[in-house]
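Each of the two blocks below gives one form of the same protein chain as structure tokens; they are labelled structure 1 and structure 2.
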Structure 1
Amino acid sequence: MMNLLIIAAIVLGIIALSKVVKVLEKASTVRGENTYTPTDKENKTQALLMPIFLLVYFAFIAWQLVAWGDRMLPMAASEHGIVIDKLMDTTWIIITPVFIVTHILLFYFAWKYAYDKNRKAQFFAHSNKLEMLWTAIPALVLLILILYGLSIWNDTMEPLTAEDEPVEIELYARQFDWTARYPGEDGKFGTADVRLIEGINMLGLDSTDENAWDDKYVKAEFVIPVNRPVQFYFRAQDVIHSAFMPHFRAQMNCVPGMTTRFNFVPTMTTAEMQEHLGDPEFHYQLLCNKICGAAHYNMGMEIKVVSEEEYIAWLAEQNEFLKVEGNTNTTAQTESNSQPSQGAEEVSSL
């Protein structure tokens, strides 16, 4: 809190100083003193401040890394997460030296070539070689990074097939909580429609669709097996949310009216991560990474990664959506509002 107050005071001080400078400039203009030539001493003082500011600037960046470095992304716990981290490390390795060198040169030239009435600046209008140099090299580096990132993105987003034997989960977002749905023993998601949301039927499942009868849904937490592909489907009821699972390097927007997808293979169980971190209270989290309203900060869900045997036993104990007797509503079963899933005939979108 104290750091925030100090920063706020500095910002307000800078704003106030800039206003004072503008007032003095206006007053000078009114008095006809709008032309002012700095003295040699003032020029030297301004030049000397440049390297001093550079050192303070770099020291401030170093302090931030020490103070907040542990707030960066946690250890990756998925197969593609390791590859994404390598891409991030490669990007940092390239841009950090460039950042340091360019800023050193910027402030060095501001210090070195401060105004001197005895020195005349050289007029240099144009150079094709220089322009080609500072255009081609950054463009080539960016091209390499983009192609590298694009190849990782394509591999990560490649849809799973039935041959992959994925675990399928639908994550349903609404202000301000999550609900996870699993297909039942038939391996098929039932259809759903926003018009059917009523009472305990928070997902709007169609009770006349037999595929929905054995669908399982959970709210407090959801469980996935380790070392097995997991195919996620995302829906939203009200506004745009963003499903963010930082340890798995997974993030996908949840958009009302459509179904989005993401898949990954978890590589560490919750127990293994707890042992690795030395924290028995640790658990993976599903967060909302899109500001979706007043309680956005509180929109989370626990994720448990367990063995295949533990996952099967846990899933067998979860609640099923059963047929509601007397419900003959079939208007919601429209092909336009459904999304085919891997190993399933369709997963409905809103």
Structure 2
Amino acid sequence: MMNLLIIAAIVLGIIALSKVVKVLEKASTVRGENTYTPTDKENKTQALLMPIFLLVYFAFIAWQLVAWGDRMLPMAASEHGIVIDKLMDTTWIIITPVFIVTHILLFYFAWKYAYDKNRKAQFFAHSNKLEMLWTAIPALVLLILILYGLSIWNDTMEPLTAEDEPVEIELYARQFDWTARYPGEDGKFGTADVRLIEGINMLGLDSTDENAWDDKYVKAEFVIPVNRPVQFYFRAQDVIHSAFMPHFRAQMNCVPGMTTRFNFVPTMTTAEMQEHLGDPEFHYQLLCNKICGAAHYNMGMEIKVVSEEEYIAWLAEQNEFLKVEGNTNTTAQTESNSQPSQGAEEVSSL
């Protein structure tokens, strides 16, 4: 009944509106105006609204900057991140004036040159000089931005070598959680295969591979040392995910069937960042940033940046692959005797 009333009200409203519009159109016809060409008054009103809109638009942007400015990501916590932030600032410094000037011109011209039947527009069809000017200037500015940007891109994506003595971590993504794997004492990751995934061995590590025996893996939070290069390898189990670590200006997709890489040097420990922000609850966050299914919005892992000593101590406490109950019996051929649910609990309690 209620729905019916609402529909009836809408229909009546539309009919009423039609009548009103019709009457208004009739009235202007009677006044000798046609209803399609804007009248002098309408031209004046609309012209006046142009600069008013511009002011409102600028004021809205300014308000957003003031109200939300402090919610943006804090200063970058990685070496390349600091460089990228500078490039970002430079880009803003270039595009903001362009934005402001072109908008002022657009809405100023629109207001200034509103229709006047006693005036004729200036017939000005082209000017090679002007057109050259505004082709050349953007080209030059963009060239600078391109060269600047590419040098940073190349530095950022430069792979690490053994001489950098990186910490190596594999981030493994699946619907809908993350696992971080460290290579252990031998510094080598054991081989893994999706066909070996079974029970608690959710990375599919090959327990016949010696390199895998001392691998360590953790969930919910992983730890990295400050001021030391971290080489990440990314893999995915089911669909594409993306490892997004916004505070470090780091992101790379995790693609099933291939390993992708990214590396950075963290420059601030979690404690330092907490102090810098005055927020003892702060944690660096790893997020999934590629649509991956229903719980995509809830797929994260915390990152803890600590001193080298703390890192070594923390890593020593973590269980090696073979020592986690359930993995000892898992081989490529034999079946695991642990239940999946039981396994999951053990891992999360690590």
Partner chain sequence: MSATAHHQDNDFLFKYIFSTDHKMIAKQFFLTGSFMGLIGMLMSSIFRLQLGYPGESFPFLESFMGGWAPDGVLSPDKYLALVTLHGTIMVFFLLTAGLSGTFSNLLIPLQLGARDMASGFMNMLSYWFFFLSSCVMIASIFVEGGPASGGWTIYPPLSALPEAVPGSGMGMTLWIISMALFIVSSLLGSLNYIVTILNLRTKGMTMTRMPLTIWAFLVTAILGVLSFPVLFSAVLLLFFDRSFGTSFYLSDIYIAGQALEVEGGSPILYEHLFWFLGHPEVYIILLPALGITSEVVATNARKPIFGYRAMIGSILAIGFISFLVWGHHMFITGMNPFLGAVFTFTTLLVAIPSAVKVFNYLTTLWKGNIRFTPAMLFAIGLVSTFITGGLTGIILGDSALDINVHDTYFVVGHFHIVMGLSGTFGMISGIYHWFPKMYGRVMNKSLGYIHFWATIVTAYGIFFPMHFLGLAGVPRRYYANTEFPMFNEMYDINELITVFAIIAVASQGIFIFNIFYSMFKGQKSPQNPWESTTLEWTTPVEHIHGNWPGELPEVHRWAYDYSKPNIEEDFVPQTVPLREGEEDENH
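What we label the rigid core is the largest C-alpha set whose atoms superpose within 1.5 Å from one form to the other. Note that the coordinates shown come from a computational prediction; the quantities given were computed from them, not determined experimentally. Reference numbering: structure 1, starting with residue 1.
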For this session: Mind telling me which structure is the form predicted alone?
Result: 1
For this session: Compare the position of the CA of residue 92 between the two structures after a rigid core fit and state whether the shift reaches 2 Å.
Result: no
Exercise. Comparing between the two structures on the rigid core, is the C-alpha shift at residue 109 2 Å or larger?
Worked result: no
For this session: Report, in Å with one decimal, the C-alpha displacement of residue 12 between the two structures after core superposition.
Result: 19.0
